[in-house]
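Two forms, one chain: they're shown below as structure tokens, one block per form, named structure 1 and structure 2.
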Structure 1
């Protein structure tokens, strides 16, 4: 909530630029308080009730998040392009009784809201009436649930408290020198920490301007970067890759370095930044990307320095307030040059997995959160080496569970067995790919893709399909994913 409390320091500054309209911090406070009171209805406090909301990248997204927090609820953002199955899963898993949306998604969500007896609120209606005062919210209360895929089949809800969020933001504001003079464009999905915390919340904490671009459009991003207004930019490596392609093919390699001189910081994260992409970006724009490492459960953990050497292929050092250790399989803490699992401690680390006490307990060891990522320290800089599970795939910056896709594919009548793997890919980092043992009739990949489209978000749908009579197995008789990868 500190991010909201700070708003009164810069009431007349622009907080959000959305759809060409500037909204000041004063408006944001007022509109979110009106909605908060409407949410409260006849109660005094939502008392950590989860409140789901589906809104695009626009002003009302922020209004709604702030309203839920001020009414004492837990914010549960839903991805706008997820199929109804995935939306329903999150609504059921969180037990949300309120669903907030706008004209754009209202009719799409109405059947679910009716079926689940949810209170459906449309922020585009202007008759949101006032109620009583707003509750006091202590920092240890739960604030947000973000869904993340893991080594279990279904995504888990990562619960963060206000205190966690305050520390996650504060750490980045300090490390990356945020100030009220900053202007950032937000082009990332708003159901993950990168778009919500690193971009939107850091900007608002600092009194800066967060400009939402509703659609992801490389031409528009270039236009904004070259406009002279935007001075901070953050994206996943796939986006830098696509911006480079656009510069080559559509901007005809226009010289842009002079036009980008005013930009003070460009950050890459959520997946490994390939060194050629970093080098190419530098040669085009003159900017050395700052690569950092993070995770839904911890916010950001490691970052190359704002001032000082940003080393390619490395993710720098622990951020302020974050303690990191590398631990080998025997539980021994590793020194420089020895690989180990990244474990994290600090106020930035999440509270729990929603309704999953066992999973929460299993993921901590002596108070250290076990990330599942393997790293080493190379001349004082952390370097991510990989993950300890082949079943976690990162594609376009999204984390994807191979098991989740396999379980869904197995429901298809013509899929007898299947294995999902991530194949290295220059553009996407990893490309979701599948090897299938078909039933009597071999399905074609286009039909399978279409069938999957109703059951999972687009970025999880496998792009490569191969069909085999058997899957490669290891000595234990289990499918060998490393051998499956070699088939592509």
Structure 2
């Protein structure tokens, strides 16, 4: 629990800014210890018992996470927008006996708590204090369970230890030059690594300030970025796209480069960053987004450099403490310009899938975690070609990167968003197909085919196109390729 232990170095500094209220590290330690003692009740140690909690982006989220850890439990954050059946699945799968929430979600969760005989705790109540000691927590203890998206089967609980989390944070703090002078806003869901580790935990490890914005509001985000206080910002590509649109339509293309010079780092992740979005953001703000690669099971694995070239369309090199290799279908390690599956080793790699020993065993090969993502290396920089299951299309004997075609299409002035998918086909195996949200003028498919042929000579071009007003997305704002396939 190094992130908690380090807080004593910054007792009087602001740790969390939430709802316009500043909370110091001293307050965060005190309040989390009070809740930890209340969680223990009559026991001395939760002994790695899973404890579920549903809280929005606010101060008590951090208090609750730290309290669970200090009481010896495993933190199980629930997504505030998930349907009750999904919440119930996580509670049943983890076997959580305690459910923590606040006034906002209390009535929503009470029926589930009653049905499952859970101990329901409301952090907005003021009678949580109990006089009991706190256990000693070793680094090898299980600390958190985050759930995968479950695109091909039911979601799996990814278990990380305190040691895993310590190394995930430390790797990013070193690579991205975090310091106690930093101030970051957190606008991301807090049931994923991006919001929990990359933003909140890295800030608190460093003695910096993490400011929670409870609601998604592009106008408020721009206001915060231009305020002169925020100097680090992280988001998913969809958010950058929406901020660009807001700048065009509501800020009336206001010159902002001079007003954003105080920001030292802007990061994009959780989905591939389209090159046109990266270029447009740079032209507006003067900032070259730092793109990185990670997943629930490994934290972050690759990153463009903080100092040095941030290469468009690439996710950089392995982060400190992370070892990566690319392996083809025959198990042969690949060199430059040859695609292969990303496999990862290091202390950042997760412990196991919760109660799924066979799934855990199957996803490792000689100690290497098999990510299922395909990449290649170009002059030392890794480039993600896509998820083996949805982004690598096998058509006519070729392996085609959907992401590569999407990046080219997005350069077309009349393509606002697009998704390339493989549709089962008797002749080709999979037919390369394209779903498009057009701009003001809808291009025809013949024009788009010529556009692609000019820029990707000899490459497989989509054979069928459909136009839609919207593409189906998941909770993180990523396009759901499996849902797009259903549109054809």
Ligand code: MLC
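Bear in mind the structure is a predicted one, so any value in this text is a computation, not a measurement. Residue numbers count along the first chain shown, from 1. Rigid core: the largest C-alpha set superposing within 1.5 Å between the two forms.
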Matching the form predicted on its own against both blocks gives structure 2
- prompt: Would residue 472 and residue 238 land in the same rigid part if the chain is treated as two blocks moving between the two structures?
  reply: no
Two rigid parts, C-alpha superposed; the smaller one turns between the two structures by a whole-degree angle of 144
Students should find the CA displacement of residue 421 between the two structures, rigid core aligned, in Å, to be 6.5
